[in-house]
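One chain comes next, on its own, written as structure tokens: the form predicted alone.
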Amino acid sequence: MALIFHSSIKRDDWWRAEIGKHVPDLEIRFYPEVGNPDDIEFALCFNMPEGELAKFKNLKAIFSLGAGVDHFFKDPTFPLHIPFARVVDDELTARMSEYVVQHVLNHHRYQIEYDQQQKDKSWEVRHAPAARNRKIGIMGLGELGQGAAQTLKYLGFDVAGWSRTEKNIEGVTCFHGGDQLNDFLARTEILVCLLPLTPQTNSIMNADLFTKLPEGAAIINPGRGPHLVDDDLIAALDSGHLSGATLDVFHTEPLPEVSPLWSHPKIRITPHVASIAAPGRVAELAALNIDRARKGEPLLNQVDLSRGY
């Protein structure tokens, strides 16, 4: 029995030791050193090259190295009949909440403008409203979105959320479905996108959506790059309708040097660091799911293929 591992971060000896703590009888192979593909019963990976997973005819389960799984579905040969799990973890949620709070506060307290004033040696005071008077909107109320919403509510912000299906979160005004999206946007001064990437959410942050936000609104995208239409964002910032944006994810990563996003004065960029799954916890979750797969039990955090997350 063997597991195939693939990651852009090379820590082969560490992963072999960490997974071995939990599943000592499991052989770990590191892509592309596959050996006999018929030996492979499990895959723990992120951005596996297209067509590779379909080669393993004896796969029992596939595990993502992170919370996101949309990249798997870009592969037209992805084996949809194989049980498939993603990472859902309290630490992952806490790290995302930290990122969201950090950048909500930056926009709430006009930090992008102050950064520019420092460059210009300009002294101009702006008075931010009290947190209770600042309306934050979170698109996506899964584990990450709910964690961020609750943390912001604890800090006193007026928080609302929007999701595909109805959710109820204490202290958070919840909207759902297409019929309620416009009402959600109309009251949102700082918009955070934490939606899963699906055909329905691809390019959701576009010119039409931006016009439905109040003038001077800001956006934060630690979700997925394809949620955002870059040119529409730049146009909305240049027109003054949006006041600023913080972006952690992009259509192409690393973000190409020629991208106009780098140099726009109203955009802050971070290199896809909002929330990274702790490797030790990923190994532990994979081990738990290997045990469940061996017993024929449903996986923890199993992906619902009908929803794509």
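Numbers follow the displayed sequence, beginning with 1. The shown structure was predicted, so the numbers you read here are calculated from the model rather than taken from an experiment.
Below, we turn to the form predicted in complex with a small molecule, even though it does not appear here.
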Can you tell me if A85 lies within 4.5 angstroms of the small molecule in the predicted complex, counting non-hydrogen atoms only? no
Going by a heavy atom distance of 4.5 Å, is R164 a contact of the small molecule in the predicted complex? yes
Please check if V273 has a heavy atom lying within 4.5 Å of any heavy atom of the small molecule in the predicted complex. yes
Would D70 count as touching the small molecule in the predicted complex under a 4.5 Å heavy atom rule? yes
In terms of non-hydrogen atoms within 4.5 angstroms, which of the given stretches 232-240, 212-220, 115-123, 196-204 touches the small molecule in the predicted complex? 196-204
Exactly one residue in E143, D75, D158, E189 has a non-hydrogen atom within 4.5 Å of the small molecule in the predicted complex; which is it? E143
Using heavy atoms only and a 4.5 Å cut-off, decide whether all three of I40, K60 and D291 touch the small molecule in the predicted complex. no
